[in-house]
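What follows is one chain in C-alpha cells, specifically the form predicted on its own.
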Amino acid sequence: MNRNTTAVELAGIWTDFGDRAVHRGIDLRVPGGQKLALVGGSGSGKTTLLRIMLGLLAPQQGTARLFGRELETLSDDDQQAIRNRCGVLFQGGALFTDLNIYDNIALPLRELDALDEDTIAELVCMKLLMVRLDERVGSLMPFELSGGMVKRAALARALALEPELLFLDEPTSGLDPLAAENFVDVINRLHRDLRFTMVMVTHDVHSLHDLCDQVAVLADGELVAHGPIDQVIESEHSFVHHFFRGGRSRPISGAGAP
C-alpha cells in the first residue's frame, strides 16, 4: 500500500464506559505501509481503539476512517467491503475449535461465495506455506497444535483475503521467547513481501522494537507519545518511561537505565 495514502485516520475520538472516559480526543493517522504499535497499560483502551478502527464499535464523539471512508456513514454492505480489505489476528488466535485448520483458513474465502473449492484449496495451501506451516497441518484440529503453530494458523486465516491492512492483538502473548522471535520473523517477511499496513496492540517491548517503525502510547485517556520508537522512549511521561526503560523491562535502543 502506498505511503502517500492513509490507511487509518482517527479524529477527535472520545469513548466513555459509564462515567469513565477511556479515550479523550484521540487523533491518529496511519499511512499506508506503516507498521504501528499501539501500547498502553491495562484498561487504557488499546483493544477498544482497535475495535473502533475496524468499525465494530462507534465512539461517543469523533470520526474513524479506513482508506479515507468514514465508517459510520457507510451501508452495511460497504462496511463489509471495507472489512474485507482488513485482516485481524485476535489475541490467542481465536481459531474455531470445532473446525480443522484447513476449514478455519477457508472460512473467509468461502464467505465470499465467489470461489470454487479447488481454488480455495490452492489458496489455503498457499497461506499455510506463507506462515511456514506444512500443508499437512490443515488436517489437524486447533488443540493438536503448539501455541506458536496456533498463532501461525490464525495469521494464515487473517491473510486469507490478502488484506491491505492487518490488525494484530497481542501477537506474541503466550509464546516462549524462541517462538515469539520466529513469529516476528514471519510477520516481518510477510510485510516485506506483501507491503500491507499493520496496526499492532502489544505489551511486548522487544517484539515491538523488532516489528514496528512507529509507536503510539495511550495513557490517561490520551495519546501521550507518537512517533519512531527511538524518539518515543525519550518522552518524560511517567508511563512511557516505565514501559520502555523501567520496571521489569530492560532498556532498549541504547536507552540508559533510569
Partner chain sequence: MTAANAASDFQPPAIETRETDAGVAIHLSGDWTLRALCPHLDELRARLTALARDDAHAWDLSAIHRLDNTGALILWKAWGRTFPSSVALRDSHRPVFANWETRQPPHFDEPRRPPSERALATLARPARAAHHHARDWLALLARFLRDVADLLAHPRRIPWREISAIIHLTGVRALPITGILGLLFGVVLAYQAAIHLQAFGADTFVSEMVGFTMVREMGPSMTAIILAGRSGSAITAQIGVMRLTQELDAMKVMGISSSQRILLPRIIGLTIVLPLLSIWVMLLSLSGGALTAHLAIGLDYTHFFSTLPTALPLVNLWIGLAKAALFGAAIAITACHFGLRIEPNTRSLAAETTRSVVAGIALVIIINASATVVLQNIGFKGV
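Residue numbers count along the first chain shown, from 1. Worth saying up front: this structure is predicted, and the values here are computed from it rather than measured.
As for the form predicted in complex with its partner chain, it is not shown, yet the points below apply to it.
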{"property": "Selected contact from L107, L161, A94, A179, since only one has a non-hydrogen atom within 4.5 angstroms of its partner chain in the predicted complex", "result": "L161"}
{"property": "D98 within 4.5 Å of its partner chain in the predicted complex, heavy atoms", "result": "yes"}
{"property": "Exercise: E72 in contact with its partner chain in the predicted complex, heavy atom 4.5 Å", "result": "no"}
{"property": "Interface membership of Y102, its partner chain in the predicted complex, 4.5 Å heavy atom rule", "result": "yes"}
{"property": "4.5 Å heavy atom contact, R132 and its partner chain in the predicted complex", "result": "no"}
{"property": "Residue stretch of 180-188, 167-175, 135-143, 149-157 approaching its partner chain in the predicted complex, non-hydrogen atom distance within 4.5 Å", "result": "135-143"}
{"property": "All of L49, I52 and H226 within 4.5 Å of its partner chain in the predicted complex, heavy atom check", "result": "no"}
{"property": "In the predicted complex, residues of 106-120 near its partner chain [heavy atom within 4.5 Å]", "result": "L109, L112, A114, L115, D116, D118, T119"}
